[in-house]
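Just one chain is shown here, as structure tokens, and it is the form predicted on its own.
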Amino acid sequence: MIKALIIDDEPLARDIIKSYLKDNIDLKVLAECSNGFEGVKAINDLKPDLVFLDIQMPKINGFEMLEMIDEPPHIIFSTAFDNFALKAFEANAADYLLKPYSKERFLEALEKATQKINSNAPIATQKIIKDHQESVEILDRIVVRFGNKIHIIGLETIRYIQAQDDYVDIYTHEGKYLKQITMKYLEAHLPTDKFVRTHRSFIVNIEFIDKIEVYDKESYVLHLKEGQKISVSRSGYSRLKEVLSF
């Protein structure tokens, strides 16, 4: 018996999936969720084999939701936006459905997912997440898990970001948040007119810069308005000069 979840903010979309599944005795829908917050909890609590997942949802989208899952299941994406769907397909999702889709197309996707589940095929969700992250041109927010909660960090609240091996610490006015992501990725995807990588270990929001002091002939120290001191390399200093025009 395949255990499944339906995660979609549209009641009609959830009803269509349930209607297409009503004669399937080999699959049980454990729960349905109307947003990504509910979806994270349901996946972590119920451990489904398969999730029917909408991509465009309020609060957090389907990709952001998957980042919050410790042991993600097989995914059949559904979306009205084929640019999202193509990326998911290339990343070896169980399958994807472009809304509106027919029952025949739905059952085709379900058969593909069933074969993967029954053959214990590797779950490619981490690759899906990575490929989606790379497809995003500019970030407008960062989603993190904080204990058992999900927190959406607006870029305007970030003071600075510090590298911690394969993770980063994101410092905001509310406190510090840990996220598994690289500094290289953030440097490439944060708005370059607002954030500067001052050092291999630091990215700074220029809105919170107070002053820059010489540390020695090869490096500098950046003082933020709230008192924090940030390392600045020679290349970081050049980037600051370019962005701040001094």
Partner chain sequence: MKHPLAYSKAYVYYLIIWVIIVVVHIGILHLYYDHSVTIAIQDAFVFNGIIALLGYAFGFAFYYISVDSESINTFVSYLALILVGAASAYFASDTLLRSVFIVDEVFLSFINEARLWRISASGFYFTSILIAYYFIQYNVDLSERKQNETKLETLLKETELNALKSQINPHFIFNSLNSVSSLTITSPEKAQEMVIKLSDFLRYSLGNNNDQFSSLSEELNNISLYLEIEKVRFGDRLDINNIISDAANNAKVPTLILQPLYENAIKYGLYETFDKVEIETKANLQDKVLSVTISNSFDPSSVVKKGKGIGLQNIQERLKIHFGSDKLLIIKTEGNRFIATIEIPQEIEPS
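Numbering follows the first chain given and starts at 1. Computed from a prediction, not measured in an experiment: that's the story for all the values here.
Omitted here: the form predicted in complex with its partner chain. The next part is about that form.
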Contact residue in the model of the complex, from 80, 121, 107, 129 (heavy atom within 4.5 Å of its partner chain): 80
In the model of the complex, the residue from 44, 180, 56, 192 that sits within 4.5 Å of its partner chain by heavy atoms: 56
Stretch in contact, per heavy atom within 4.5 angstroms of its partner chain in the model of the complex, of 109-117, 67-75, 150-158, 171-179: 150-158
Contact test in the model of the complex: residue 20 vs its partner chain, heavy atoms, 4.5 Å: yes
In the model of the complex, residue 35 touching its partner chain (heavy atom, 4.5 Å): yes
Its partner chain contact in the model of the complex: residue 11, any heavy atom under 4.5 Å: yes
Non-hydrogen atom contact residue 145 with its partner chain in the model of the complex at 4.5 angstroms: no
Stretch 106-132 - residues with a heavy atom within 4.5 Å of its partner chain in the model of the complex: none
